[in-house]
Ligand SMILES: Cc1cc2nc3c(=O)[nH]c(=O)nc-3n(C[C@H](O)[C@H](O)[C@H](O)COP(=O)(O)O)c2cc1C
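What follows is a single chain, given as structure tokens, in the form predicted on its own.
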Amino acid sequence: MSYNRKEIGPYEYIEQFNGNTALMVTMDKKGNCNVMALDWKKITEFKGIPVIRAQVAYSRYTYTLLIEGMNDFTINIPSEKTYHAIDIAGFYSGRNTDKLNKAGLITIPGKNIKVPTIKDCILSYECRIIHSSESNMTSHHYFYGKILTAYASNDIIK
């Protein structure tokens, strides 16, 4: 099933990636997902491998899931249809709220990882953590996710 999207290279549509807040999906060991609004992200390279570097605060539930849950995450750039989820993902805590359900988001099973992407986003990336480190801000941590698969919505493909 195509879900109105196509696989793309990791560097395609980078302007849309850089210019928008993302929805980062993580998963605990039991398969429960969480979504967080993420501004501090970058597509870069780590030892020659295309990665997404995500900067996550130590206080966030997402940080706990990235350390103790699955070693994977997805980054999703919302469309107009899913943009409302940024407010919900940024306001509530996944410790006590199913934010995906509260925002009415539909997930798509991962192709290469268990963590799903979000349907109706203009861009989605499946990532596996290959490195993490302290950031230059003492309140945040860097996670480097190797981009395993990237998708673009047919709505933005030219």
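Computed from a prediction, not measured in an experiment: that's the story for all the values here. All residue numbers refer to positions in the sequence shown, first residue = 1.
There is another form of this protein, the form predicted together with the ligand, and it is not shown here; the text below is about that form.
Quiz item: Which of 100-108, 42-50, 115-123, 28-36 has heavy atoms within 4.5 Å of the ligand in the model of the complex?
Solution: It is the stretch 28-36.
Practice problem: Determine whether any heavy atom of A57 comes within 4.5 Å of a heavy atom of the ligand in the model of the complex, and answer yes or no. | Solution: Close contact exists here: in the model of the complex, A57 approaches the ligand to within 4.5 Å, heavy atoms only.
Quiz item: Counting only non-hydrogen atoms and a 4.5 angstroms cut-off, does S93 reach the ligand in the model of the complex?
Solution: Answer yes; at least one heavy atom of S93 falls within 4.5 Å of the ligand in the model of the complex.
Self-check item: H140: touches the ligand in the model of the complex, heavy atom cutoff 4.5 angstroms
Solution: Looking in the model of the complex, residue contacts with the ligand include H140, since a heavy atom lies within 4.5 Å.
Quiz item: Taking heavy atoms and a 4.5 Å cut-off, does A89 contact the ligand in the model of the complex?
Solution: Flag for A89 set to yes.
Quiz item: Pick from T149, T21, S135, Q16: which residue has any heavy atom within 4.5 angstroms of the ligand in the model of the complex?
Solution: If I apply the 4.5 Å criterion carefully, the residue I get is T21.
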